[in-house]
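This document opens with one chain alone, in structure tokens, the form predicted alone.
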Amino acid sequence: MGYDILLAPPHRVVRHLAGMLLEGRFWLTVAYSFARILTGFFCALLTGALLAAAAGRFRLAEILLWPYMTVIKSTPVASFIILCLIFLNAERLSVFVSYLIVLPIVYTNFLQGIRSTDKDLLEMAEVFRTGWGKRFVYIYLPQLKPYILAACSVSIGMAWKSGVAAEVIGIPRGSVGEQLYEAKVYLDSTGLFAWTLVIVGVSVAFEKAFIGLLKLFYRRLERI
């Protein structure tokens, strides 16, 4: 097009990204956002699993949790971010927003997996008076495998999208969101595309690594 301010050519984006990789500030910025978004993701993973276990065990718990999960799933991310800014500082915003977005995804998938557990296996465990620890390891974990993998695969990308969006609005110093905001303010389309590639690359790399570790865990579990 001849107008880099509107649409930077790919070779300029790649050259700009290569230059960023050599800067120490770049890695600190990625580490800042990475740590906060993953904190929200893992907290939501743990909370969602516990709530799903409670809802699968007690019908009342599922009924009480339903309106909250429905509201979280239906509310736009931007609304959450603006509301949370009233109560949280910008540094904690990406943690809480990514937590809220991931929580209903994990909860829904885990609850569906618990409901789909083979009833014959559970009856057998009841007859032989198998403890909850062995039931969890030998019955629930294998039955939940596809639901856990699906929940993690979807929620990791959503955590990054919502977390970076929170940083763009909250603009915490030293974050990826701050870099995107500055690129927008200064009409730096080259930097905008470069940082977008970074977000996609880090998100995909973590997703592949985490899913790979989960699959490795299940392969070892099958040998027990």
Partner chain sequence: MDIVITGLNKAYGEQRVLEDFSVRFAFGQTTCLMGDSGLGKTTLFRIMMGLTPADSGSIEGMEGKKISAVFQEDRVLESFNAVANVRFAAAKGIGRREIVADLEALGLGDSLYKPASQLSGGMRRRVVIARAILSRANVYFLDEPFQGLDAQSKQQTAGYIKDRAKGQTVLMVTHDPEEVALMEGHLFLMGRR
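Numbering follows the first chain given and starts at 1. Please read these numbers as outputs of a predicted model, since none were measured by experiment.
The same protein has a further form, the form predicted together with the partner chain, not shown here; the description that follows concerns it.
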Does each of Ile81, Arg92 and Ile169 have at least one heavy atom within 4.5 Å of the partner chain in the predicted bound form?
no
Given 149-157, 102-110, 72-80, 117-125, the stretch touching the partner chain in the predicted bound form at heavy atoms within 4.5 Å is 117-125
Is it the case that Leu85, even though its partner is missing from this view, gets within 4.5 Å of the partner chain in the predicted bound form, heavy atoms only?
no
Examine Leu7 and determine whether its closest non-hydrogen atom to the partner chain in the predicted bound form is within 4.5 angstroms.
no
Flag Leu144 as yes or no: does it have a non-hydrogen atom within 4.5 angstroms of any non-hydrogen atom of the partner chain in the predicted bound form?
no
Heavy atom within 4.5 Å of the partner chain in the predicted bound form - qualifying residues of 60-94:
none
